[in-house]
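There is one chain below, alone, in structure tokens, taken in the form predicted alone.
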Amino acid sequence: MGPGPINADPRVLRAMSAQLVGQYDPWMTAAMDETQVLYRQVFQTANEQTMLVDGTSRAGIEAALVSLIEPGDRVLVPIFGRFGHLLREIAERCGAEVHVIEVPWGQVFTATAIETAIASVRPKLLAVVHGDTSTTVAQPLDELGAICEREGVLFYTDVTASLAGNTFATDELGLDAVTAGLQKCLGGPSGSSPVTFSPRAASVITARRSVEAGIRSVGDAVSAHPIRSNYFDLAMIFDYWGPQRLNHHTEATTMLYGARECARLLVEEGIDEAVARHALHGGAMLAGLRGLGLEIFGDPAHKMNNVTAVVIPTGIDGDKARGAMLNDFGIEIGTSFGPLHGKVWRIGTMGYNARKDTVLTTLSALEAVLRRSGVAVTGGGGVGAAYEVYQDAGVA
């Protein structure tokens, strides 16, 4: 019940137990095509260039940034948590001239603040995290697409922490590039990064296309400014996932099975229904934590549905309490990073774990641990408050 990774859905694990097939087996290429169709629905986009990058969610981030950024390009990164710093670092390693704006962790930016920074910096790319699990808040994106379009700026976001548990629609938001991971609301393991790119972003990437010498044919592109990574070269990955099937790497077959099943289950449930499920169980967890007398960290108006940060009560050892949750009850909750390390716990309700039984069990266990640590709590206050949320929602 931490901020991710979480327990994978058993159906995903079963899908991943299937035998491997050759990367050009008709069944394999059909599975790749099906995965693209499914993730267009997950991302809510018509983008042709929608696929998987083999690697954890950070692989998707790095592929997007190294493929879109050329050395010297200006990039604007609004930082409101740990993962904004990650975008900054990767962009700097790509050779970008990176400009940042910052707010205290737990807060988000106004669209006006970002618009003002864009007008000042004149970047090629705006790179912003949607939901930052280090702080549990989500940056509103709804006005940023129009600003970027008007100013001629590419608009990129990472939705690893928020996708499938919070309202998000790629095309409606005017995004050019989106990356994600499986290990949170999608209910899978880390190791595969779904990505999608608008025609505008794809044209920037393919303009740098440079086919490897070992597979190059007469007339194939050899760019004077190639993408500065072979493995994360999205121009070649586009060719691999496209009708040409030009070899780039050997697809991570087992992860493909898992990623496809994550998307299939989400589409089967319904995107809106999955978001509502996360809102219900996340709301019950929030009410229960407040019912235990715990202080919630961060701007509640922008809190993600799927993870809540609570201030660790004064006088107790936060890591020791986490250890008791794990060792005595088999429940993992998280701490945080940087300035929040040891100051907050992060408790998730996401993916397969966004359920009534997990919420009630976690609150019950946390009450017991708090009592043993000497924290005064109202008996049954957490579970009782969560029950009220379920009762009001008509959940038996």
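One-based numbering along the sequence shown. This is a predicted model, so every value here is computed, not measured.
The protein also exists as the form predicted in complex with a further copy of the same chain; that form is not presented, and the subsequent description refers to it.
- Although a further copy of the same chain is omitted here, in the predicted complex all of G55, G214 and H249 have a heavy atom within 4.5 Å of it.
- In the predicted complex, at least one heavy atom of M16 sits within 4.5 Å of a further copy of the same chain.
- Using a 4.5 Å cutoff between non-hydrogen atoms, R122 does not count as a contact of a further copy of the same chain in the predicted complex.
- Proximity of T254 to a further copy of the same chain in the predicted complex: non-hydrogen atoms within 4.5 Å are present.
- Using a 4.5 Å cutoff between non-hydrogen atoms, T112 does not count as a contact of a further copy of the same chain in the predicted complex.
- Here is the short version: of N230, T116, S203, Q107, the single residue with a heavy atom within 4.5 Å of a further copy of the same chain in the predicted complex is N230.
- Think of it this way: in the predicted complex, a further copy of the same chain has a heavy atom of just one of A321, L86, V275, A287 within 4.5 Å, and the residue is L86.
- Here the chain stands alone, but in the predicted complex its contact with a further copy of the same chain, taken as any heavy atom within 4.5 Å, falls in 206-214 among 137-145, 206-214, 96-104, 277-285.
- Although a further copy of the same chain is not shown here, in the predicted complex the stretch 320-353 places heavy atoms of L326, E332, F337, G338 within 4.5 Å of it, in sequence order.
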